[in-house]
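Given next are two forms of a protein chain, the same chain in both, each as structure tokens and marked structure 1 or structure 2.
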Structure 1
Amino acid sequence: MSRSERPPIGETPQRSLTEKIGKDLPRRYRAEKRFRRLGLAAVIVALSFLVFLFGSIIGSGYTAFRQTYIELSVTFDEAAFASENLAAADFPGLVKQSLRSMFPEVRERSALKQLYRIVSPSAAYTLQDMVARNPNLIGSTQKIWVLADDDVDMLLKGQISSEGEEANRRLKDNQLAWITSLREQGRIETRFNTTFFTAGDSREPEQAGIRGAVMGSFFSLLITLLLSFPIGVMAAIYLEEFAPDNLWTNIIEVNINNLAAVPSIIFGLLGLAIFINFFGMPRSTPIVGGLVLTLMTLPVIIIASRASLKSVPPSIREAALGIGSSKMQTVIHHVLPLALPGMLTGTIIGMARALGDTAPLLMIGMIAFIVDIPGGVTDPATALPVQIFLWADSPERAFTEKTSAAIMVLLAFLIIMNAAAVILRKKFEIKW
């Protein structure tokens, strides 16, 4: 050590180092505080965007859970039921006659057309269903609540304005006057929109519902779960516990990892080429959608299952083998039960991804306009995210709130599935 490097007399090298560290501590503490503030700011910004997203969706969609109804006094004239076939009766004429009796001063043909438009075209089907259930209604007069037209519904919800020039409004002056008169008579009210949850798709917004899409998603996910979970778990067990460490196994592992990152639309193209074009399976059916989603979720389930198997300590395997268990008995009776919670968590996360994915289903034709509720895996159907896509492309203002409401339902399902994955992991997790 040179003269210049020697510490002053009475000062040891250890003391000099301690003082240097002590002088540097305030700077490091300040840097740590800055980093913590930056992290907190990042969390606040992320939460702000999340709140804004959820707020905009809920603000646009909560009104869809309420629907406007109009009360009509309908006379089921026996003359309208001359034919024995009830479906041949003039039910639209009964609705029009009821509206004319409520506003007898309306006589011009153009004004009558505008009057008829304040109620939904589904009013005639409502009357038909009532007579089909109770034919004794023929010859009587009944007060019946029917769906209002979507423009009337939007007006009463404040989604469209009654101000401005008549030519630029969806509802004309005389229609606004009729709506005001009906409200004063207590013939207009809003109720919980059960149609949204019980009906299929429709060209008329007030008649459109998500039940068909929900059932299509349910059947598709059922096929996906029945195929992807057992295949994924068995593949993970083989690769982790039984497969030899050679070139082919390494190639398979690399491909599984790569498939987990492949864009979902590629799986849709694969399903279109194999299941529809080669095997000739029907388009726009949950069975094809389930097969495509199975291909998409298999890599995720295999990777999660292998990670769960790796988390089981080797001592469990060694103890089982030490008391005479075979390799298969060790895996089935000792390793698999301990790894199962992680496998279930990975499966639920993969299913949640499949529930919210749209691109692969578009490629196999599940974008078709389907009115009927599917009753099985081979019936034509659409899926909830595809239904949202279709409604978002519709020009009617009423479909905007339907789109947001359907997104709220989809988000609710996704939150429930992810919460179930967290609960399963917390409940069955074993820490070694």
Structure 2
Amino acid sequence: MSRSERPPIGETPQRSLTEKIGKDLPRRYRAEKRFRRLGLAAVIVALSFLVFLFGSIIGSGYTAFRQTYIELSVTFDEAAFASENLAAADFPGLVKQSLRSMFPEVRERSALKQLYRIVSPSAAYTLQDMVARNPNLIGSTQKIWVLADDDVDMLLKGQISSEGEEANRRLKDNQLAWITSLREQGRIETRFNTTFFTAGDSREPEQAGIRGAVMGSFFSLLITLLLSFPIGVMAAIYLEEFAPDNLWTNIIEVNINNLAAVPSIIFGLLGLAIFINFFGMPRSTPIVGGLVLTLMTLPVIIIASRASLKSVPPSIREAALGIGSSKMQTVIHHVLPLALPGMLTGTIIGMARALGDTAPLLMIGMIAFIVDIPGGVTDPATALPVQIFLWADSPERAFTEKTSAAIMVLLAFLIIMNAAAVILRKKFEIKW
């Protein structure tokens, strides 16, 4: 600064600097505020995605927990049961007959076909089960609630419209008229959808349930748990307590960290090439699914278990060693019990991830259409997330709500598992 530019006496340079800063301050504060708002907005946007996601799933799925039933009065005509073999009796015919007797004015063949279509094909099996359980029904007339067809169900839930061009509608005018008349007679009812929780997969939406998929997931996860928990814990114990700091240990650690980030579909390729093609294990079975998920879950469990072992203070180990226990006894008798809650928490979180994972199961063929409910680890099965994927691909409108409902069940399982992990952590957490 040259002499001539020096400020007059009385005004120190300090003050002009303050002034300069003061001039700038509003702008800087504005920037500060803007940034703060931006951050808040980011959090709000992220959370609103969450709300939007849950809203859209629940909004399109909650109706699936109720299902429409139609009351028929069926006459178990003795003539229909002439044969000894019960399964040979014409149960679909009985259903049709009862529908005809309700709407005697329908005569035309095409109209009759439409009439039969308002009741689910499963109605015949309902009748068959009833007669098989109680043969005395033969000859009597019974009022029986049977499943309505999925289109009727969708109509009553307001998900398909009764307006517009008839040719473009799933339900035709006369079908709408019959449904209205049935409703007026109180012969149509919606009830809690037990089929959804007790049945396996089906091509007919009204008969499809998640039981088979849930059991498939259960068996797969059982295998995963039985293998990945002991192996993961033992690997973590070795790496944390025994492993010398050498190349081999380093290789293992780098491997574990990398495996934790390998895309899950790659594990599916591994399962397909090694377990199915090389070892000749059966396709589509929970045992292969469980093995693949084990390999996927192992890194998660190992990393969590190591963190848990690390949090046990060295004083515990020193005390045990000091009174003469061997290294192995120290770990098994003293360190492991203290680290176990943390390991269990990690395992539950790993299992929750395994429950939600779909891609590797597609690779090993757990995507087949399987109606039967699997009874063991070697029965062909699908899994809950794969069932969701399969239903999401189905064109029928009624499968959309089933998909959403299955997602709600899956999320409920995940929430329970994660809540269990949190509770476990809270309950057994030790602040050293």
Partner chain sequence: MDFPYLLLLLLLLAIGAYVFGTRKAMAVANAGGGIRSLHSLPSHYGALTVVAAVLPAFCIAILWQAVEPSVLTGLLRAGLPPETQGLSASEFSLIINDIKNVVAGNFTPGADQTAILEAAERYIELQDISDQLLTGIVLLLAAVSTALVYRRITVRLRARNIVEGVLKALLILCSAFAIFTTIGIVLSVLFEAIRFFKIVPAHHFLFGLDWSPQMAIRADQTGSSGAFGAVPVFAGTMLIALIAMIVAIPIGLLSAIFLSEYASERLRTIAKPLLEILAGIPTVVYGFFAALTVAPLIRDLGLHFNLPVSSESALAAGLVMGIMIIPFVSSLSEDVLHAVPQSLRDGSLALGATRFETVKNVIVPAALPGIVGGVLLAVSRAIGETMIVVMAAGLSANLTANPFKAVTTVTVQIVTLLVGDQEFDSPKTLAAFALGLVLFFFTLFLNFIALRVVQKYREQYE
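Throughout, residue numbering runs from 1 along the sequence of structure 1. Definition used throughout: the rigid core is the maximal C-alpha set that superposes within 1.5 Å between two forms. These figures come from a predicted structure and were not determined experimentally.
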Which of the two shown corresponds to the form predicted together with the partner chain?
2
Core-superposed C-alpha displacement of Val45 between structure 1 and structure 2, in angstrom, equals 2.6
